[in-house]
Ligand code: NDP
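Only one chain comes next, encoded as structure tokens, the form predicted alone.
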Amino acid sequence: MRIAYIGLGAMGRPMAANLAARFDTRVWNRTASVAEQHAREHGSTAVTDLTDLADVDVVCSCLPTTVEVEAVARVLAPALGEGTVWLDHTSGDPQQARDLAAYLGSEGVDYLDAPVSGGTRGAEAGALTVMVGGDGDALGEVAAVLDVVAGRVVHVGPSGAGMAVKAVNNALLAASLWAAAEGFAALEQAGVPTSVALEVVNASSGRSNATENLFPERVVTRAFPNTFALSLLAKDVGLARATLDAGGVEAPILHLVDRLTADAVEALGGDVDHTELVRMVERAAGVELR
């Protein structure tokens, strides 16, 4: 099976490396030197011209937004063979994913929106959760590819459904980060260190991924390793809000989370790790969570 991997960012790079260990994998990145380095380190084949990917069986993409995926697809899709499957791991816009599926379908290419969860650690381990929207038969054709990168694959619905689930998932992540930061700030003011409070919360009903993993590993250590940019979290929260609005769902909490996260990007910059949004709460409360 010949695979093309487009986009070698924090997630795409290890995913493509795992695929290259099993399949003939060609990699393309906007910055060509990144693809060339990947080829040297992981045994993939770097290409500089998208049309050099024309004879692959599966295209995998992992780009910042669906806008970039569509731009690449407009160049590559006319050259792809009938029956090629496009696996899009981008955290993108559900409606744009449906539009892209229609366009690629007109070119004889099956499109699956297949965003992932699990962070860079999950990507390196090949243990991601993949939420897939699109045709079930097409999903069956790429099962061997997904087995390499995923620990769990869930077919969540038609085109766009994978993107919708990912956006809402990340909006819930943002909500839990904000809520935990506020709660721990109040406890710090009451004389309870965050590291102590976490022992209780994580053995009780208030625990979440934020309290079990992000706060112990990134916040109380003050490490804030940059694996998922705050701007990307803000993008996903905005997509979740738009999805809810389009469905006519009243969502006052997620609307507030959307505004708060956008404010954090403006104050802290979009390139910092997403967990650094807790600094906004710390500044307002005059404490540091340790």
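Please read all numbers here as calculations on a predicted model, not as lab measurements. For every residue, the number given is its place in the sequence shown, counted from 1.
Just so you know, the form predicted together with this ligand exists too; it's not on screen, but the next bit is about it.
**Study point:** Triplet Gly7, Met11 and Val34 all within 4.5 Å of this ligand in the model of the complex via a heavy atom
**Key:** Result yes, every residue of the spot touches this ligand.
Review point. Would Thr227 sit within 4.5 Å of this ligand in the model of the complex, counting heavy atoms only?
Key: Looking in the model of the complex, residue contacts with this ligand include Thr227, since a heavy atom lies within 4.5 Å.
Point to revise | this ligand contact in the model of the complex: Lys235, any heavy atom under 4.5 Å | key: Heavy-atom contact with this ligand at 4.5 Å: present for Lys235.
**Study point:** Partner proximity in the model of the complex: Gly108 to this ligand, non-hydrogen atom cutoff 4.5 Å
**Key:** No, Gly108 sits far enough from this ligand in the model of the complex that none of its heavy atoms falls within 4.5 Å.
Practice item. Spell out, yes or no, whether the shortest heavy atom distance between Gly206 and this ligand in the model of the complex is within 4.5 Å. Key: No, Gly206 stays farther than 4.5 Å from this ligand in the model of the complex.
Check your understanding: Which single stretch, out of 261-269, 245-253, 51-59, 25-33, brings residue heavy atoms within 4.5 Å of this ligand in the model of the complex?
Key -> Heavy-atom contact with the partner occurs in 25-33.
Exercise for review: Report the residue, out of Ala164, Ala73, Val116, Ala181, that has at least one non-hydrogen atom within 4.5 angstroms of this ligand in the model of the complex.
Suggested key: Spelling it out, the residue with a heavy atom inside the cut-off is Val116.
Check your understanding: Just one of Thr194, Thr84, Thr211, Thr90 has a heavy atom within 4.5 angstroms of this ligand in the model of the complex, so which one?
Key -> It is Thr90 that has a heavy atom within 4.5 Å of the partner.
Point to revise | Sequence-ordered list of residues in 64-87 near this ligand in the model of the complex, where near means a heavy atom within 4.5 Å | key: Counting only heavy atoms within 4.5 Å of this ligand in the model of the complex, the contacting residues of 64-87 are Pro64, Glu68.
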